[in-house]
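Consider the single chain below, provided in structure tokens and representing the form predicted on its own.
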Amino acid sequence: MSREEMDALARERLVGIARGWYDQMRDGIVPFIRLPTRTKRNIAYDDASEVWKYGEKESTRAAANEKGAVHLLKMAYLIGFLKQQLVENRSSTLRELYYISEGWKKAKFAAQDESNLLIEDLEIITEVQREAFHLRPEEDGASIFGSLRIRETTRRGVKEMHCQDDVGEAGYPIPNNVDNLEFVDHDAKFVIAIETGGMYARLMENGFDEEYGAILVHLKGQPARSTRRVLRKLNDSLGLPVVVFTDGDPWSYRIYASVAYGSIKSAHMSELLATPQAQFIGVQPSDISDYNLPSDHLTEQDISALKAELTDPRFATDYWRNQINLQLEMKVKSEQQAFASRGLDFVTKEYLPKRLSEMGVI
């Protein structure tokens, strides 16, 4: 679909919401919208797409009281702003949108979290992602380094570059809108998504990408949507296996889960964002004892997070139950850079090749 066609679709879907309210009022019905309940109790595994999606539980928001009326008022103002933005071919950040609402009187957002949630509501109702509304986040996507040639369509024309030969040490920065990105050719065997910048730089310095035919993707912690979409695209369009290399703590396990299964917050976009075939190659609790890695004691927040993951359907496998229960018994966590205690080359010469071989990736 061309950009012009996507803009037209986004406008039509947005106006369709307002048209629905008009029809409701014309028929004597109090205006309302229905949305899926966004909790972990309302996500279900979809066998066809192999990702987690929202289930059948819904909540209704209606203008039957002041709170509901104000909610729909804010959505109406937001729809009007986005429609005009599309007509003028402009764009804005999520943060700018929050400040723009300052002039909307009673429709003003109390905090950015509120405007972010309302945008997600519109994505769910319209089945169109926020990038189609010409909205972009403050955070950028991360970066890629490896034997991959890409072609990107920008406002200044089409650019083509190689993600090893034509980029600096930071790699190629992933754009916010991945729809403008095309993979031209590659000479890679797999993709390794890396949580921390330090480990990304270590693999790059040690020549891991060249020795093993790896495309390195820096996640920058919890990955942005654009980063997750690139991983899905690399897996889908190029058929490359994806592995996720993180720290060994509950928050890092959730980074893997967001890549492989999708996040609860964006379950309405799991088919675009999640890579179901992605495998976990991060620091396992068993690695901490097997390799005698330096570690830190779990905090109360860590323990609570691990226990919550035991009830999270995305971690409902024997592997994750065993690893999480082991970590609760050990009461420690460790970072991926802790492998440096065994030498700067250990992670690329010993640990990763061994794990990748066991997985059948190399």
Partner chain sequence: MVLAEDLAKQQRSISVAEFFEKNKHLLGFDSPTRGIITTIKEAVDNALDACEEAEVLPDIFVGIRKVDAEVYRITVEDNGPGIVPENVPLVFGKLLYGSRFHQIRQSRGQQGIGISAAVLYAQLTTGTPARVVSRTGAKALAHRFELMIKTETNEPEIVSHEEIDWDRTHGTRIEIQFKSTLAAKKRLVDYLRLTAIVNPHARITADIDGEVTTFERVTSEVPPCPKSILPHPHGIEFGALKRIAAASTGTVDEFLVGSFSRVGKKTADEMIALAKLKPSRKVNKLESDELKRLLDAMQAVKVPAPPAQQCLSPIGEDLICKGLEKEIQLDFIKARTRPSTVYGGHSFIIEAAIGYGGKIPPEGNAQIFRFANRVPLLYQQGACAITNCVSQVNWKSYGLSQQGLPTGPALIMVHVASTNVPFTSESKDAVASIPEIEREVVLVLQELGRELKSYLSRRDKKKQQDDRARAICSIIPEIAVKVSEIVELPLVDTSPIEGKIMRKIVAKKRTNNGQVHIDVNNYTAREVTFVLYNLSRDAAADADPRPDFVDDIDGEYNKVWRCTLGAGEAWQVVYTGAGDGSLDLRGVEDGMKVVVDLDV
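Predicted model, so just to flag it, every value in this text is computed and none were measured. Positions refer to the first chain, counted from 1.
Below, we turn to the form predicted in complex with its partner chain, even though it does not appear here.
Heavy atoms within 4.5 Å of its partner chain in the predicted bound form: which stretch in 316-324, 22-30, 290-298, 49-57 meets that?
Looking at the other structure, the answer is 22-30.
Each of V15, V70 and A76 within 4.5 Å of its partner chain in the predicted bound form, by any heavy atom, yes or no?
Every residue of the spot touches its partner chain in the predicted bound form.
At the 4.5 Å heavy atom threshold, is H186 in contact with its partner chain in the predicted bound form?
No, H186 stays farther than 4.5 Å from its partner chain in the predicted bound form.
Since only the chain is shown here, I'm wondering whether G197 would be in contact with its partner chain in the predicted bound form (any heavy atom pair within 4.5 Å).
Outside the cut-off, so no.
Flag K159 as yes or no: does it have a non-hydrogen atom within 4.5 angstroms of any non-hydrogen atom of its partner chain in the predicted bound form?
Because no heavy atom of K159 falls inside 4.5 Å of its partner chain in the predicted bound form, the answer is no.
Is A64 close to its partner chain in the predicted bound form, meaning a heavy atom pair under 4.5 Å apart or at it?
Yes, A64 lies within 4.5 Å of its partner chain in the predicted bound form.
Counting any non-hydrogen atom inside 4.5 Å, which residue from G221, P137, G80, P241 sits next to its partner chain in the predicted bound form?
Going through each option in turn, the one that passes is G80.
Of these, R95, K106, R90, R151, which has a heavy atom no more than 4.5 Å from its partner chain in the predicted bound form?
Of the listed residues, the single hit is K106.
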